[in-house]
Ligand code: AMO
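In the block that follows, a single chain appears as structure tokens, in the form predicted alone.
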């Protein structure tokens, strides 16, 4: 038996200023190797950093030409102050003057199928996804998912700090929360089951337990469209909570949540923001507009008449987003009171507005990123609403029982991680904000 001492730190964060003029040894992947007559530059990819290393051919133990891109190397050298203009390199105020390089592994291919050493990836979207294990190594691809990671983490951090309990709900379910045909069927030991479209039923149940809950997990939609706005599997950031002042409580907390996330992105992702050349908005106001009012604004401003439609068309979302930025100085617009016929059966109707619900969509930069609202909380109201929707209660017995036991006024929302990331990063397709996107055509890698 061997007893091993526990390390004081296992962190991969580095205090670079404290290492100036000191010898260091790092193991990392070769992002690029720019060879010159005198030696050249080795760009080393470490966890959290892309570091510039300077190679002097006369004092190096290996020929720079023998260092493979995407090989793994162990580098020993001295940290020196520097001023580096390349935004992909971080830190940009120091570099490593190399003394020794040990090649630990090399790619098995003589020539990689995608060149990740250029400033821009310059491949079409299909090649990007086909060669995803390689293309994700490009600095700009990395930046997208570091931003996504901070959004994911800070969603949970904010909610935990504000009295929410994290839950993990099943993804194999007996029935879909959203209804309709956009649900994946599977064989569950000879019984028909489905992949969860939403944690909706479970997060409502857990409001009766904890009062405030959240979940960050994949959801599945069997929608046969192939657009730049949709995925068949995506990460849904969900909350559900007891309401004291109606569904406006949700709008208040989502505003505070996004304000927190955006501030943390500016704090933690300044290098990624600069590399991508993007702008993270400041959240300093709440703007709400009712669904019917959006139709009227779009008609008045453009002459395009959507006033008979029961939902907002993508073009309308874009137009109202442009209008909000110009006239209300905001990129975030809460559109409230959607028609009953376009909301799930568990959505509470507005008793003062016939055919309208206490629900909302949050539009960001002209695209919906959140759907939320107040839910029914009385058992008899569910029976009445489900009858009106032509739904039988048998399929929902496990869900409905919670309302027989008593439930407080409550509501919640779901925020799409990939859509928010895509819009923040200025991507043309939401699939680019998914590590390994799943759509009607893609099941690998």
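Fair warning: this is a prediction, and the values are worked out from it, not measured in the lab. Positions refer to the first chain, counted from 1.
Not pictured, yet referred to below: the form predicted in complex with aspartyl-adenosine-5'-monophosphate (AMO).
Chemist: Would you point out which of 158 to 166, 368 to 376, 144 to 152, 296 to 304 contains residues with a non-hydrogen atom within 4.5 Å of aspartyl-adenosine-5'-monophosphate (AMO) in the model of the complex?
Modeler: It is the stretch 368 to 376.
Chemist: Each of 45, 116 and 139 within 4.5 Å of aspartyl-adenosine-5'-monophosphate (AMO) in the model of the complex, by any heavy atom, yes or no?
Modeler: Spot residues vs aspartyl-adenosine-5'-monophosphate (AMO): no contact at all.
Chemist: Consider the chain as shown here, without its partner, and state which of 259, 221, 212, 356 has a heavy atom within 4.5 Å of aspartyl-adenosine-5'-monophosphate (AMO) in the model of the complex.
Modeler: After the contact test, the surviving option is 221.
Chemist: Quick one: of 414, 409, 64, 28, which gets a non-hydrogen atom within 4.5 angstroms of aspartyl-adenosine-5'-monophosphate (AMO) in the model of the complex?
Modeler: Exactly one residue meets the criterion: 414.
Chemist: Heavy atom to heavy atom, is residue 230 within 4.5 Å of aspartyl-adenosine-5'-monophosphate (AMO) in the model of the complex?
Modeler: Judged by the heavy-atom cut-off of 4.5 Å, residue 230 is in contact with aspartyl-adenosine-5'-monophosphate (AMO) in the model of the complex.
Chemist: So, in the model of the complex, is residue 336 in contact with aspartyl-adenosine-5'-monophosphate (AMO) at a 4.5 angstroms heavy atom limit?
Modeler: Taking the distances in the model of the complex, the answer for residue 336 is no, it never comes within 4.5 Å of aspartyl-adenosine-5'-monophosphate (AMO).
Chemist: Is there any non-hydrogen atom of residue 234 lying within 4.5 Å of aspartyl-adenosine-5'-monophosphate (AMO) in the model of the complex?
Modeler: Although aspartyl-adenosine-5'-monophosphate (AMO) is absent here, residue 234 would touch it in the model of the complex, with heavy atoms inside 4.5 Å.
Chemist: Looking at the partner-bound form in the model of the complex, is residue 316 within 4.5 Å of aspartyl-adenosine-5'-monophosphate (AMO) by any heavy atom?
Modeler: No, residue 316 stays farther than 4.5 Å from aspartyl-adenosine-5'-monophosphate (AMO) in the model of the complex.
Chemist: Using a 4.5 Å cut-off on heavy atoms, which residues of 192 to 227 contact aspartyl-adenosine-5'-monophosphate (AMO) in the model of the complex?
Modeler: The stretch 192 to 227, when checked against aspartyl-adenosine-5'-monophosphate (AMO) in the model of the complex, contributes 198, 200, 203, 221, 223 at the 4.5 Å heavy-atom cut-off.
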